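Read on for two forms of one protein chain; each stands alone as structure tokens, with the labels structure 1 and structure 2.
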Structure 1
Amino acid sequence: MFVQEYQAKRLLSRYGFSFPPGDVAFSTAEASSVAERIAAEAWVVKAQILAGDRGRFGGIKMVSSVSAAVAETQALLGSILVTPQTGERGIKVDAVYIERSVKIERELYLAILLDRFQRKLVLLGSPLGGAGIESVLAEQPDTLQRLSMSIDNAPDDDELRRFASGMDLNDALLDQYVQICRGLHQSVNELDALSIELNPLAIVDGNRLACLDVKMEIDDNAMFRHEDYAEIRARNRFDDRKLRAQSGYNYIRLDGDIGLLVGGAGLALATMDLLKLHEMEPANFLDLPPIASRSDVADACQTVLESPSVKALFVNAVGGGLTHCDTIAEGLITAHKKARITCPVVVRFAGTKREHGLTLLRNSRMPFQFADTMGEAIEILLRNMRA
């Protein structure tokens, strides 16, 4: 999961990074007291959303008085921010981060992350940084430095200095930079982070490196060893597309009209591809895990049908793992009992307990349409959509 800037800065406070003084505010009253507490000539008020490019799209405001900080907070709270990373619908602002404004002499880029291609932990650094970093790097790819590293052993000083030597820093700043790299390696290890991006990492006051913004993703799989992450997750339940990811299946709402209830991510992706090949549009992505229970299936079914654009439901399941076709059949029947399903439902079962699953559905007297293969299912769906 991604974490908000203020949450990331709190989590990272133990690792020797230098952040400008600041704090989160959920109301104008809190904004006023935060701004007063931070002695400053100027403040930055930053919308807390789980997306980047805030600065260029109205999410970051510079102010030079406490009252202006309060006014900007009032304007931001409750507003919807749309940036290239939020999707078209945008994200509602529930909190702002208020920090002391610093004079930036130069912006750098530094990130540590799991390289999903090399399957290694890697440091990425550039002497250039800031909001436009992707296009800057596209034009000047040679400025990007990479350093792969072991998870258990941080690189030694020589390796880090060689990496840092591309950042155009004087000796004092270079020492700080190496320390920041060490802090990143340690924090990834201790916090189970998948990425920590310091952008910009800025030279301020002539001889100091300060982390002005942090983007951080932590590994959902590691929740069990971090008690404090439950609260972060609870606070960040903003994203309707993944809101239900905790309830045993992945659901992402899309714009089409064919609801999909599919077992397994690979088959779910293939089913979407198949619909598109036949010029039909999926209303959602949804994959049931191989351990989904009857109630998971019923809940998933209701979630899919909640979308008003759904004109037909396609249930595509290959029984395997612990989720067999009969479990899926029972889930469908449970969902129908709770809220009658009125659209056509095309069911294609294969694999473990196929016959039993089909028998349950036939006996339910609900209006299912059955297909033996995915190809047949597509034909039935096409007939339904033309009707």
Structure 2
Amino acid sequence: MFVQEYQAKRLLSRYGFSFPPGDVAFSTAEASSVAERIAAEAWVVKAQILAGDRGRFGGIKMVSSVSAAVAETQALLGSILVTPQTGERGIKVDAVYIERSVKIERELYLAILLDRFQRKLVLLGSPLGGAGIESVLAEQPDTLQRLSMSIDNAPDDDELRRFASGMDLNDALLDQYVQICRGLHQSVNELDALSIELNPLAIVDGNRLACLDVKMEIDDNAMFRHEDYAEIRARNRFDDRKLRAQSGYNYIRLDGDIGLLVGGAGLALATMDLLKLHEMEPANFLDLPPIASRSDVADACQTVLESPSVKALFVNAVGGGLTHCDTIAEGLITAHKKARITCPVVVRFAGTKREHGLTLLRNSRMPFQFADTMGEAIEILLRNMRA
């Protein structure tokens, strides 16, 4: 689950990270209150969406009065912000973050992430940072440094200092940098985060490091340990373009028009490849786990169909594990009863309880179309899309 900037700053504030004073606003009235509460000569108004490059595409505004902060908030709230990371449809802005403007002397990049292959945490740091950092690092890859660390044990101070020595910092700033690295190691463990990115980590006020923007991804598998994440999940539930749904399936929204409900990640990828081969575009990636229940399937189906771009649904499942074909059929029927499915639905079942699942769907008198093979399913989809 990805976390919005204001949420990440709230979570990290307990670990001693330095942020400019700021708060979130969901309305112009709240924006006025936040700006008045923060003593400043200038403020920054930031659209809160789960995507980067906000500043280059109109999502970050500098203002010098409370009234200007309110006006920019009004302009941003409800607008659709489009950046290279949102896709062509963009993301609707439901909140802004208002913080005190600071004078930036230099921007750096610092991040920590989980390396699943090494089973270690990795620090990534560069003396360069700020907007367009991906392009900057692609052009100057030698500026990016890596340090692998144990997940469980605190990082070695000497190793951190050697890592920090490549950031072109004086002694006072180097000490702060090392402490920030320690804070990242502690917070990524205690918050069950998969990654935390500070960009920019800026030198401000002559001799101080401040985290001006934060991106964070939290491990969905650890949600049971964090009741305090309920509000974060609820607010991010339908805006996150890469999420693991509450019921346990993997879902990624894409820009096509063929909705996919597929059992297993490998089969899902193969299904997407087959669609692309026949010049059709998937509207999503969705991987049902082998323990999905009827309600899980129904929820997954509704999630796929919530996308307004979906013109047809392809259900491609091999019964196995604890999720047999009849369970998937029951989930489809449940989804239809909750919210009538109006688009064409093509079903291809194989594996355990295939015939029972097909019988349930046929007896439901819902407008399903059936295929024995993936090739037949593609032909049916093509006919539907041409109709």
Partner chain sequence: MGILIDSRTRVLCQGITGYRGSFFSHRAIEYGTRIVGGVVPGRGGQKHLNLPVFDTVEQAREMTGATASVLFVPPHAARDAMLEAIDAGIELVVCITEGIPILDMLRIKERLAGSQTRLIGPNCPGIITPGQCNIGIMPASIYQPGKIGVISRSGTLFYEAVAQLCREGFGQSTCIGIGADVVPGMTFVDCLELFRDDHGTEAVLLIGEIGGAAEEEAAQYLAAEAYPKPVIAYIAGRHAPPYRRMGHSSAIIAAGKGGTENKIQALRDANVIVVESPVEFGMTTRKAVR
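Please read these numbers as outputs of a predicted model, since none were measured by experiment. Throughout, residue numbering runs from 1 along the sequence of structure 1. Note that the rigid core is defined as the largest set of C-alphas that superpose within 1.5 Å between two forms.
Q: Between the two structures, is it 1 or 2 that corresponds to the form predicted on its own?
A: Here the form predicted on its own corresponds to structure 2.
Q: Checking F370 here: with the core superposed, does its CA move 2 Å or more between structure 1 and structure 2?
A: Shift at F370: 2 Å or more after core fit.
Q: Fitting the rigid core first, would the Cα of I151 be found 2 Å or more away between structure 1 and structure 2?
A: False for I151: its C-alpha shift is below 2 Å.
Q: I want to check G125: does it shift between structure 1 and structure 2 by 2 Å or more at the Cα, with the core superposed?
A: Comparing forms between structure 1 and structure 2, the G125 CA shifts below 2 Å.
Q: What does the CA of L305 shift by between structure 1 and structure 2 after fitting on the core? Give it in Å to one decimal.
A: For L305, the C-alpha ends up 6.7 Å from its position in the other form.
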